[in-house]
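One chain comes next, on its own, written as structure tokens: the form predicted on its own.
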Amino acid sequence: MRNTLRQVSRSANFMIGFVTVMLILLMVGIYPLFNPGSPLDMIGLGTFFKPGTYISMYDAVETATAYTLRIDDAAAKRVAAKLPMADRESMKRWLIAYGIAEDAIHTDDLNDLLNLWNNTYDESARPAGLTSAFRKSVARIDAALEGLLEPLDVRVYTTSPETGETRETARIKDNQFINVSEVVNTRRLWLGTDNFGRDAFKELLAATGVSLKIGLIAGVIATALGLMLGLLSGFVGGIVDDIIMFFANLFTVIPGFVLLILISYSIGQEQRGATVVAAVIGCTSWVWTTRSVRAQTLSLRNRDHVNLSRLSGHTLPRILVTDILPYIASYVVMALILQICSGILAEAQLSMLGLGPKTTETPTLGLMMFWGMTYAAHQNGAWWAYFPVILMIALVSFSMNLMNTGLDQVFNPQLRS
């Protein structure tokens, strides 16, 4: 055993996969300690907020200390944010149609562009080749440019609840800044929010934990069923082998995923919890494990040590556990890893079809993909609502397959270097 563990620990593939899975489990377990609460809490009154740090505007004005800083590019960034490149291209198009040479228009130099625009633009002009709708859009851009380079102070007024009198309570200059650490209410949304306004990063880690749980339960059930049936079929033989292989062939003829869909649909949405879905996946995924264990048991049942156990009067369970199982234990471990991976992928496929665990209890990776697809996250440019989920599924699957490859290299003499 010690020598086996030493060989496993020296396998680069296994260790990379194992460390990756452990890091994922560590994040899943630790992050809720820093950000407690349900991952299904809707914190955003809207859909698909971008990733970033969100600061309470009320607290920033009322409680944070204002610091005066001289930052050279602050004004340029402010102007650039108010005048996006699309608007600059529209201005350039109007100027060219008006008769300005294209090489004299520099959209990257805001000061030069605005000076040229202020000296040239005439709302009453009708340059050739421009539609009425385009001229109206340019007029709206021109109206928004007023005072762009000369920022005015922002004044905050409040109304007294006793007298109803409105008075100025704060004045914010363009060169005043606040320290984020001094704002009472801030929230870092690493992956923004999803279509329901929920913290997508918190939801992703919670969903990863649930999907791993589903994969583990499904993998244990499928491996246990496959191991038990494969041992009985291969060792006992006869009518027992015929019956087990009849059902194995039956499940082989019927596509497993189709059977999984039919069973999940028949259960109903309200009864489909994470554990129920995992059990259904496990009960429909035992066939290939059964066939593989049966084949290995057939090659072992006539070995000398097995015949000696028979002659000694040992019971069937004892022979299977002590004389056959140790020789196929390595394969059982590899089969369990593959079954866990298959269970995670099966849940994701079911949830994508709307047949996964019920949506009101807990998130899964498949459910997050289903929500992103249903609410058109890809069409809205909300990559954070679906791409990290795809990446997490791929990372977990790849890591487990690396572990399985590493174990195969250790236990399969033909693959040892």
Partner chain sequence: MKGYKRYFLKKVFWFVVTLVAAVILNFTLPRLMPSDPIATITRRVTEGMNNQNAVMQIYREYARKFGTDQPMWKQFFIYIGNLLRGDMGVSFQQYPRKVSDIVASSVVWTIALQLPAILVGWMVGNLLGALAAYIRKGFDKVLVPISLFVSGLPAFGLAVTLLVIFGITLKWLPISGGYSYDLLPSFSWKFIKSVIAHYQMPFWSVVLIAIGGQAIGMRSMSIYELNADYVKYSRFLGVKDRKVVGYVFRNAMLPQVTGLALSIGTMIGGALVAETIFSYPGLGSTIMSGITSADYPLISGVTLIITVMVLTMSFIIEMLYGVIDPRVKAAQSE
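Numbering follows the first chain given and starts at 1. None of the values given here were measured: they were computed from a predicted structure.
Separately, the form predicted together with the partner chain exists; it is not shown, and the next lines address it.
- In summary, the region of this chain contacting the partner chain in the predicted bound form, judged by heavy atoms within 4.5 Å and restricted to 263-271, 108-116, 138-146, 163-171, corresponds to 263-271.
- Taking the partner from elsewhere, Ile24 is found to have every heavy atom lying beyond 4.5 Å of the partner chain in the predicted bound form.
- The partner chain in the predicted bound form is not approached by Thr360, whose heavy atoms all lie more than 4.5 angstroms from it.
- Within 4.5 Å of some heavy atom of the partner chain in the predicted bound form lies at least one heavy atom of Gly354.
- By the criterion of a heavy atom within 4.5 Å, Asn175 is excluded from the residues contacting the partner chain in the predicted bound form.
- For the options Val258, Met85, Val154, Ala104, the residue carrying a heavy atom within 4.5 angstroms of the partner chain in the predicted bound form is Val258.
- The single contact residue among Thr159, Thr275, Thr186, Thr252, judged by any heavy atom lying within 4.5 Å of the partner chain in the predicted bound form, is Thr252.
- In the predicted bound form, Trp288 is the single residue of 286-320 with at least one heavy atom within 4.5 Å of the partner chain.
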